[in-house]
Each structure stands twice: as C-alpha cells, then as structure tokens.
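Below, in structure tokens: the form predicted alone, a single chain.
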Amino acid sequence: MKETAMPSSLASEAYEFVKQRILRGNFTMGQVISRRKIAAELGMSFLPVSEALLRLEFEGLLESRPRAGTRVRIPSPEDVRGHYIVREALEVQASMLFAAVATEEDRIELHALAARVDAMSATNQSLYLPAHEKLHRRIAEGARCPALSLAIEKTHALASTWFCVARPHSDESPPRRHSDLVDILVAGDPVKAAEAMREHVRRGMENTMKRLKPYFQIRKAYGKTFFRSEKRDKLRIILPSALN
C-alpha cells in the first residue's frame, strides 16, 4: 500500500506546485512547461510530474502537442465565451439562492469582502485574484448548495490564468463594481440579484476578451507551434505587449 500511495502523493504535490504557478501568473499563457525542470526543482522523478501535467491538461490549464511538449493553454475566443456562458448559469443561480436564504452574518461578511475586492482591483492585482475568488465562493456558500459551490470553484480555477494577464490602470470597471453587486444581492430580491449577477458576469467577459486579444492573435498565428528553446519561448511571452 505504501508503494502505491507514494507516487500518488508526489503527483498531488507536483499538481499543486504547477497549478499555483499558473494561477499566480508565474507560468504565463503559451509558456512551455519543462517536466525536467519541475522534477529537478521538486526532487522527484518524471512519473509523478507527468501525472500532474496530465491532470492539469484535463482541467484545461495546459495543452500538449506530439513531439512538441506541453504549455500553458492559450484560449480561443470561443473558449472564453463558452466559459462565461457556463459561469453565468452557475453564478446567477447562486446569487438567487443567496438573496433568498443567506443569513445576516453572510450578508455582512459579503459587504466587507466586496469593499476589499474593489480596493485591491485598483491597488494590488496579486492580492485581487484570491480575494475575488473568495467573494464569489462566499456567494455560493451562502446559497447553501455545496454542489453549486464546487462547480463555481472549478470554473474560477480555469479563468484565473486569464486574470493574470496584466490589466491597464485605466480599466473600465468602476471602483464600486463588486460593492454595487453585493448591495443588490444582500437586499434579498432573487430576481434583481439574478439580473445584477448576469450583468456582472457579462461585463467580466467583455473585459477578459479585451485583455486576451493579443493572445488570440498568437494562438491564430502560432497555434500549432510550441517554441522549445528558452530564448524563443521568452519572445513569445513578450509578444502580447508588442501587439497592443
């Protein structure tokens, strides 16, 4: 039993290591992932690292090509639209349930979280992402539906790679975007909560499409090409800023 449990434990460790680097933007979209380097850094063999990368590929964070390697997945416009269609369905349902069944404590906490997210949106992008995910997770938790909460958490994991793309300081999102949303959710009207969340998600999709436009161009031009050398890989990471 110990012999079979050990590889699984190592694969989980490698999975979390690579996933967190992707979600934090340390591994950027289009960047080739080196099994050899990850295995060396973690002090383990290729097998658990390969298992971890396969799992991340299944979850949509990575993509592979035969004889080319594995890279952080660059989404297509269709990928982004599809993601937000699913996310809208999940989060609108969560907002309706939250408005109907959330406790007073849930509502007070959500107000505080929203204010924090709005503040970080303008001052600290590295802290904004986890705070933003926590806000939406708390809405789902306040809806008292664990299955819905889990589904929303999974959709946010995929979109986190897109949020790591640098946003200009002149982002069109208003300073109270999340606070305004929460004001409606805590008021307790499920219909108005659904309308507010639907608009919130759609605006998020519009902003994401704008930020990812240079990556869409890269995917279209070099979609089947993986740059294996570090020098050429770095050029691809720099390309988006040049395309703006």
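A residue's number is simply how far along the shown sequence it sits, counting from 1. As the structure is a prediction and not an experimental result, all values here were calculated from the model.
Separately, the form predicted together with a further copy of the same chain exists; it is not shown, and the next lines address it.
Exactly one listed residue, out of 131, 145, 119, 157, brings a non-hydrogen atom to within 4.5 Å of a further copy of the same chain in the predicted complex: 145. Checked against a further copy of the same chain in the predicted complex, the residues 99, 90, 114, 74 give one hit for a heavy atom within 4.5 Å, which is 90. In the predicted complex, residue 51 approaches a further copy of the same chain with a heavy atom inside 4.5 Å. In the predicted complex, a further copy of the same chain sits within 4.5 Å of a heavy atom of residue 47.
The closest heavy atom approach of residue 203 to a further copy of the same chain in the predicted complex falls outside 4.5 Å. Within this chain, residue 108 is remote from the site of a further copy of the same chain in the predicted complex, having no heavy atom within 4.5 Å.
With a further copy of the same chain left out of view, the stretch that reaches within 4.5 Å of it through heavy atoms in the predicted complex is, among 36-44, 207-215, 54-62, 175-183, 54-62. Contacts between stretch 20-40 and a further copy of the same chain, counted in the predicted complex as any heavy atom lying within 4.5 Å, involve no residue at all.
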